[in-house]
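The form predicted on its own is given below as one chain in structure tokens.
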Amino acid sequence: MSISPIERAAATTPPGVARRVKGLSDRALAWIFVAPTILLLLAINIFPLIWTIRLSFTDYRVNRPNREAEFIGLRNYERILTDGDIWISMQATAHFLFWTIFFQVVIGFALAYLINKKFRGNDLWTTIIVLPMMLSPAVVGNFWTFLYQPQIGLFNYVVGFLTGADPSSFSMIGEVALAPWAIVIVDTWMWTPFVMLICLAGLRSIPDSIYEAAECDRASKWRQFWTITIPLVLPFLMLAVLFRGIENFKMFDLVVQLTGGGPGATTELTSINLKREAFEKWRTGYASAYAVILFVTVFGLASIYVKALNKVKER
């Protein structure tokens, strides 16, 4: 008769250890298994956060490790909140956030609504649409940089064919007016499938019996859409907005690959600005205060949004 691994481990356990383990409650055993994960999270997340907050009150520079950091109180925070360049990057980030979320929600919901209607090739088209979000942001950035080239890029030729404009007469990533929209287009192309999948899950969670009852009451398709579909899918839409808002607020790699924050500072988002303060100007204390302000902003807005989301779900 073969002995299972569990029985073998129990047989080799010293009697003293076995008695101590046997006397532990379920709660104590749960803490024993969870404790390593909690300690790891504290080491990776909480300690760096506390250290960053501490550095934000100093004039520490990481490229001058031998110089003792001086405590300067709230001076870094005052300089950040009165810096015009910081507010310009905030405006660029707000523009990027608003339009990417707007287009992704509208197009993502429309695609989900169409795919939810059963038709031939449904699964194939779903797979094709989801492909962009499977790619690396670095790969996507390089790919679209090539497409945006005025002389050889396919994007300019398509726009020229549709509008009659000369394809070499404009540069999507080289002109101040067009560069912000260039990164909006790429991010929308890449992450609309993510919103579509969330909306599709919401649409397929609606019971068919609700629509059948509405048809018995002679409700039109338009009325069913606004009184049944939209209210029941709204929590899923809000959840998609939350995820994409948090991700796009810290967007970095895609924008760096496409425009590098240029031309000028037109597409210099807060994440790029923070990186330059920390690793190009080496103002570590200043950059720490900047990071704390961004963290508080995201955390505060997300907390308010989650409360609104919970109220919508309770209705």
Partner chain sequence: MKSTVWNCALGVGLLVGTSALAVPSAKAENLTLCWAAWDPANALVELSKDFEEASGHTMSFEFVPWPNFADRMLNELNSGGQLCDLMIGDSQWIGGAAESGHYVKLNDFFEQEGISMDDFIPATVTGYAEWPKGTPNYWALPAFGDVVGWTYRKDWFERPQLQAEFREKYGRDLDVPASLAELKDIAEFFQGREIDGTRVYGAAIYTERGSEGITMGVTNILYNYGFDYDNPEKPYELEGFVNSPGAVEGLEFYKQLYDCCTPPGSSDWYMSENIDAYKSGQVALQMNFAFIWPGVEADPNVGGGKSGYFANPPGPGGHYAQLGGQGISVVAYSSKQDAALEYIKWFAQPEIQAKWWEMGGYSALRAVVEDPGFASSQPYAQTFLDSMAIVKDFWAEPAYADLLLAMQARVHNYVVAGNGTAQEALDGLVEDWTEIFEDEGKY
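As the structure is a computational prediction, the values presented were derived from the model and not from experiment. Numbering follows the first chain given and starts at 1.
Although it is not shown, the form predicted in complex with the partner chain is what the next lines describe.
Heavy atoms within 4.5 Å of the partner chain in the predicted complex are found in one stretch of 180-188, 94-102, 225-233, 167-175, which is 167-175. Contact annotation for E280: at least one heavy atom lies within 4.5 Å of the partner chain in the predicted complex. The partner chain is not drawn, but in the predicted complex it has a heavy atom within 4.5 Å of P150. Put simply, G261 is close to the partner chain in the predicted complex: some heavy atom of it is within 4.5 Å. Not displayed here, the partner chain is kept clear of A69 by more than 4.5 Å at the level of heavy atoms in the predicted complex. Taking the partner chain as it sits in the predicted complex, the stretch 69-106 comes within 4.5 angstroms of it through a non-hydrogen atom at R75, R79.
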